[in-house]
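What follows is one chain in structure tokens, specifically the form predicted on its own.
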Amino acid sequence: MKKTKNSIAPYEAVGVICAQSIGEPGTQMTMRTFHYAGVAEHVPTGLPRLIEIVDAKKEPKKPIIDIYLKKSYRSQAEAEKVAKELGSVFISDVASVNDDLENLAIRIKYSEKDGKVLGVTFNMLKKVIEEFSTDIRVSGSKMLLKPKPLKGKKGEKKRITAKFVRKLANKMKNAIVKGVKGIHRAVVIRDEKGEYFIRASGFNIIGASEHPAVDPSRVYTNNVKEIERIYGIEAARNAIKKEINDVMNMQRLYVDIRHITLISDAMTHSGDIKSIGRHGLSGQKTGVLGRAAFEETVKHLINASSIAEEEHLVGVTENIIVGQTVPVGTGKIKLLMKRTK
């Protein structure tokens, strides 16, 4: 009996109900942003985050990665040690890099105080700088680097210019001395169960999973595209479902999970993540009039007429435009009347 009560009526417009059940509370969402334990300040939540998910953005505005550890590393001290090892430290964090355009050289001054705090020694810094050029003169905590002339297409050596030195100096500032590329500002957090885990801004699932203390099966990021790239479309579908559900719960708006599942199914059914918009699902409807009714009307009508595309009037929008009964609910059922004499 319970099962019959929960089953949906035949030919019910589930898509419309799903859109309403998410769209209506979506209009009531506040534009407040929540403080994410000091990792990525002002992480978009509420409506901005919901738009980010359904628009299938390549990267969230503020990506976050949660890294859980293996049993033997779950104490606070161990977790903090791992967090220090994972957080990326750039040359600009531990040294000042200045270009000397007069002498076409780069001057680097190591900051011992910053180095101690971030766990970067002078030798670690020197090793990374040697990748840019071998012509380095060391004087205490200072280094003078002379860039190497580059070889041209024909094998001749190019002349070092001021522009090249300036570019190299900027490149050096962003070079990583220690940690995992793409993971910044890692902090240790205690969850509801009392377990310590690492939350960091940025994302790099593979880089984080390579650390011996990290449990690879429990690394999660709010970047759905990264999850799709590494774990595949089925995992991305679950991530979309989780992210939308988290947004709703954070705003204390409770939507049935089946409506959210329908959205994640629609976005991923083709094998890759599609946005809900003119460049995604709405722009790829089967009916010409359905596509034209959403956005870019003229474009769709011209494209369809140029290849003599047919309109089979299968959707709701198309039938409303031509004034026919919508093929939903009772409108989908056709009756044949048997006439007797």
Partner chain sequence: MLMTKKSKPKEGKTAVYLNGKFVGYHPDGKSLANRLRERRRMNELNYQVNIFYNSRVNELHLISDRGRVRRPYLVIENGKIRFTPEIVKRVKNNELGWQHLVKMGIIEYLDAQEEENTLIASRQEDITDEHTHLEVDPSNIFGVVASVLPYPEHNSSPRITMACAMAKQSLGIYATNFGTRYDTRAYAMYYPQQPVVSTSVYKALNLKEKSAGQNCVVALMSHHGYNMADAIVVNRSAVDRGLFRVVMFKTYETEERLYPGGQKDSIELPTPEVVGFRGEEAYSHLDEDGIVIPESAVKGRDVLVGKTSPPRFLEEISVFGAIEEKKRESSLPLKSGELGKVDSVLITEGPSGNRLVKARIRSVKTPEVGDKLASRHGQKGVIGLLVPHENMPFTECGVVPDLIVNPHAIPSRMTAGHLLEMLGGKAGAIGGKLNNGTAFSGDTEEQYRELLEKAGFDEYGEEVLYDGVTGKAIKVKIFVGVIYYQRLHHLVSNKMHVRSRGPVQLLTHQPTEGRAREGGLRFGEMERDCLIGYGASMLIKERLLEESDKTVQLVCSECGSTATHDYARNRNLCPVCGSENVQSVEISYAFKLLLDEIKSLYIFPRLLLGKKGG
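The shown structure was predicted, so the numbers you read here are calculated from the model rather than taken from an experiment. Numbering follows the first chain given and starts at 1.
Form predicted in complex with its partner chain: not shown, discussed below.
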| property | result |
| --- | --- |
| Contact at Glu12, Ile17 and Ile302 by its partner chain in the predicted bound form, all three, heavy atom at most 4.5 Å | yes |
| Its partner chain contact in the predicted bound form: Ile22, any heavy atom under 4.5 Å | no |
| Contact of Leu289 with its partner chain in the predicted bound form (heavy atom, 4.5 Å) | yes |
| 4.5 Å heavy atom contact, Ile273 to its partner chain in the predicted bound form | no |
| Its partner chain contact at Val54 in the predicted bound form, heavy atom, 4.5 Å | no |
| Contact segment among 46-54, 273-281, 60-68, 303-311, judged by heavy atoms lying within 4.5 Å of its partner chain in the predicted bound form | 303-311 |
| Residues of 287-325 having any heavy atom within 4.5 Å of its partner chain in the predicted bound form, listed in sequence order | Leu289, Leu301, Ile302, Ser305, Glu310, Val316, Thr317, Ile320, Ile321, Val322, Gly323, Gln324, Thr325 |
